[in-house]
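Starting off, we have a lone chain in the form predicted alone, written out as C-alpha cells.
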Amino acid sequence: MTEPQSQRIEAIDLDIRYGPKFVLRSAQMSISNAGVHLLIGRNGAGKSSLLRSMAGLQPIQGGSIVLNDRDVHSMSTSERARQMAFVASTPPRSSQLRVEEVLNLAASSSPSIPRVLAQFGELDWAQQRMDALSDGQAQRVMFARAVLQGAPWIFMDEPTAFLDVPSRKAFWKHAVEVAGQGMSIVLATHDYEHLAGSIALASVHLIEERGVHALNPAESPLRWTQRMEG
C-alpha cells in the first residue's frame, strides 16, 4: 500500500466533449489529499467523462488535468498505472480468468491477495471464474484489484450500480477504510443520499451547466440534491 502523502489533482480551463456535445467548458476543479471524493450531477452532465479524463482514459478538448504538477495526458501508461487505478461501472464478467488470476495481475505481493479478498469479498472466490460471479461480486473483486495496484488514486464510475443494499453499505465501509490508509477515492455516483451522518467525505463536486462546483461535504445529501434540481 502506498504511504500517505500529499496529493492534488486539478482541472484547469477544462473542455470535455461527449459525442458532439460539450459537457464541460473552461471548468475548474481541485481535489486534494486522501479521502472519499464524490462527483455528482444529473444523467448526462459529464460525471463519467470527467472521471475518465482525470484517469487519462478519455481525451480532452481543451485545458489540462494536472496531478502533482504533471499533466495526466502526457504521462506514459506505466506512469499513470503507478499513480491511479480505474474501476469501470460495468465489471468484466465475460472473463474466464479465475478471481485469483485477476488479482495477481495487479498485486505486487501474492500474500496480499487473501487479505484483500477477505476484506472485499470471500476467500473462496479465489478459484471461481469471473463469469461465474454476480455483477455485484465481480465489482467487489475489481475494487480489490484497484487496491492491490497500490496507486494513491482510485477512480470509480458508479461502483454501487449493481450492488444490493447490504453490499452497498459494505462498499462504503470499505471505501472509508481504504481512504483511511492514505488513498484518494474519487467516485462518480448517484448513490449518495443515504450517506448522511455515516461517513466523512473529503469533497463533493457537482457537475452542471458545463461547469464543476464545489459543495460543502458536511451538508446533508438532500441539500446537494436540491442544488442539483435548481
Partner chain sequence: MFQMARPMTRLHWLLGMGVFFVLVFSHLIWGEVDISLFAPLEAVHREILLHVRVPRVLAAVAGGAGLSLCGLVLQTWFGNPLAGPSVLGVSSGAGLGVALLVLLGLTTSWWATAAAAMAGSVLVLILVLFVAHRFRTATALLIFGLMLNYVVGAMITVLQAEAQQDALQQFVFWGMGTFGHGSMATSLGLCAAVVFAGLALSVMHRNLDTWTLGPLTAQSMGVNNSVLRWRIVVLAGLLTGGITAACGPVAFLGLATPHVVRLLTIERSHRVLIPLTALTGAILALAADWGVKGFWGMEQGWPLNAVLSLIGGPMVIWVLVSKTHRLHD
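Positions refer to the first chain, counted from 1. Just so it is clear, the model here is predicted, and its values are computed rather than measured.
Below: the form predicted together with the partner chain, not depicted.
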| query | finding |
| --- | --- |
| Residue among 72, 133, 102, 154 with a heavy atom within 4.5 Å of the partner chain in the model of the complex | 102 |
| Heavy atom contact within 4.5 Å of the partner chain in the model of the complex, the stretch among 171 to 179, 187 to 195, 28 to 36, 48 to 56 | 48 to 56 |
| Complete contact of 163, 206 and 216 with the partner chain in the model of the complex (any heavy atom, 4.5 Å) | no |
| Residue contact check: residue 119 to the partner chain in the model of the complex, 4.5 Å heavy atom | no |
| Contact test in the model of the complex: residue 150 vs the partner chain, heavy atoms, 4.5 Å | no |
| Contact of residue 86 with the partner chain in the model of the complex (heavy atom, 4.5 Å) | yes |
| Neighbours of the partner chain in the model of the complex among 135 to 168 [non-hydrogen atom within 4.5 angstroms] | 142, 145, 149 |
